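As a starting point, one isolated chain is supplied in structure tokens, in the form predicted alone.
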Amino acid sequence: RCLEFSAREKGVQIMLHRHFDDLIRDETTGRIIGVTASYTPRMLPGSNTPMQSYWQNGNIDETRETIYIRARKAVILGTGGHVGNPQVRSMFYPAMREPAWGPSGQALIGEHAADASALKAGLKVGANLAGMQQNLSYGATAHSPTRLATRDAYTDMYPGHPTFPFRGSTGFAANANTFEHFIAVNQVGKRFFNDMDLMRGNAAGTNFPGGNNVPARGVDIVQGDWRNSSRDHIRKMYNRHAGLDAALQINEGSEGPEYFSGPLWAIFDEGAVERAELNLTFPWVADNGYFFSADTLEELQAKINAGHKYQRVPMTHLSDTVARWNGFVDAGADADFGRGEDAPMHKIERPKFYAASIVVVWHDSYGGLRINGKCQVIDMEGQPIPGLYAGCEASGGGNQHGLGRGLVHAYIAGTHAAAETAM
């Protein structure tokens, strides 16, 4: 808000409901001289009226399908990364090509955000890339948040927030301990991992030996010491967790040619609601395709099959899976995935029966267009592309998370772009 207020106060003009499509290049000089943008109005579900900004001063109302904007000095790409583009994500984690999984904060940023538009446009004009491998070094890149029963599982907005209608429910928190009362199943209704362990780790990530993002106590880290790169040190850094890999694996419901893994569900009964003291009322849950309840497991299966957007194949094994699980509870040990020692096991047998979505998100983009110290985009020959700058998640190589990256890049790119000669 403060940045927007300051920009409007200084006379910056803002055009909303536009998607950056492509760069315009002067074929004679090679300079980037503008952009094309398409009209993509964002409307609340059930509405035909585009959403409006809180402040209006400086807004340009323009509804033509495609517009061409000429730059006075330069173009700065700040369009976000590729977390919302399943095809680009699949370069780093093939299973994340599943469109059921979106970016964190999806209700906030919308369906067309962070779709690799800067990456695609930059490659067309010869841009180089940097830091693409850095997507694999952060555990939060692809992970499953502990918020269930909502598609936007990374955030927790409530009714009254402008974008709440895009999610329909806040979701409810369910940490690893809560999963004592659940089983987790895939799109055909089969378990795939130790349910208690599923939410305790991410698919990727590195830590210092000792298990932290900074050197832990008792770990001798000397900056610049070659021993930091010893084989023993490196082995201790990696803490990859297999839960997400198991959740996203191809299963018997994965049909060609895409072979998507499909949605994931936490299954539980009324006994679990009482033991875990779950509040299954609005706004925590809603009839939005991410939470279902029924008097029988067969009815629950049918509701999931009919009511979830990405449930492409019938869930056919849920009743058998629950019966098998209940047998393990009677036996005191989970023969399939080893539960039993980590927490008490509970039967799923008391109506009502519930299904709450387990959602996977792609949080950050760490790879993107290669930039130099002035935030100029660099081509395949190592030279700046005239008139083109980029920053934050549209750029790559910074290996940094958070708003600080965007603020610094904006300051650097803006300073140097403003110093360019007007065209």
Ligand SMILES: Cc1cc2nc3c(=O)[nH]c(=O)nc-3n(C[C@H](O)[C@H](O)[C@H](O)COP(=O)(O)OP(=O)(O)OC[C@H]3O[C@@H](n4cnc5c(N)ncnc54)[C@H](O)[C@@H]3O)c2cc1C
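When you see a residue number, it is the position in the sequence shown, counting from 1. Values in this document were obtained by computation on a predicted structure and should not be read as measured data.
Quick note: we don't show the form predicted in complex with this ligand, though the next part is all about it.
Colleague: The chain here is shown without this ligand. Which stretch in 62 to 70, 350 to 358, 386 to 394, 369 to 377 comes within 4.5 angstroms of it in the predicted complex, by heavy atom distance?
Modeller: Looking at the other structure, the answer is 386 to 394.
Colleague: Applying a 4.5 Å heavy atom distance criterion, does residue 85 contact this ligand in the predicted complex?
Modeller: Residue 85 lies outside the contact set for this ligand.
Colleague: Looking at the partner-bound form in the predicted complex, is residue 187 within 4.5 Å of this ligand by any heavy atom?
Modeller: Residue 187: no, not in contact with this ligand in the predicted complex.
Colleague: Is residue 18 one of the residues lying within 4.5 Å of this ligand in the predicted complex, judged by heavy atom distances?
Modeller: Residue 18 belongs to the contact set for this ligand.
Colleague: Does residue 117 reach this ligand in the predicted complex, with heavy atoms at most 4.5 Å apart?
Modeller: Answer yes; at least one heavy atom of residue 117 falls within 4.5 Å of this ligand in the predicted complex.
Colleague: Could you check which residue among 146, 155, 178, 128 gets a heavy atom within 4.5 Å of this ligand in the predicted complex?
Modeller: Going through each option in turn, the one that passes is 155.
Colleague: Work out which of 104, 251, 311, 288 lies within 4.5 Å of this ligand in the predicted complex, going by heavy atoms.
Modeller: Checking each option against this ligand in the predicted complex, the one that comes within 4.5 Å is 104.
Colleague: Only counting heavy atoms and a 4.5 Å limit, does any residue of 57 to 89 reach this ligand in the predicted complex, and if so which ones?
Modeller: 78, 79, 80, in sequence order.
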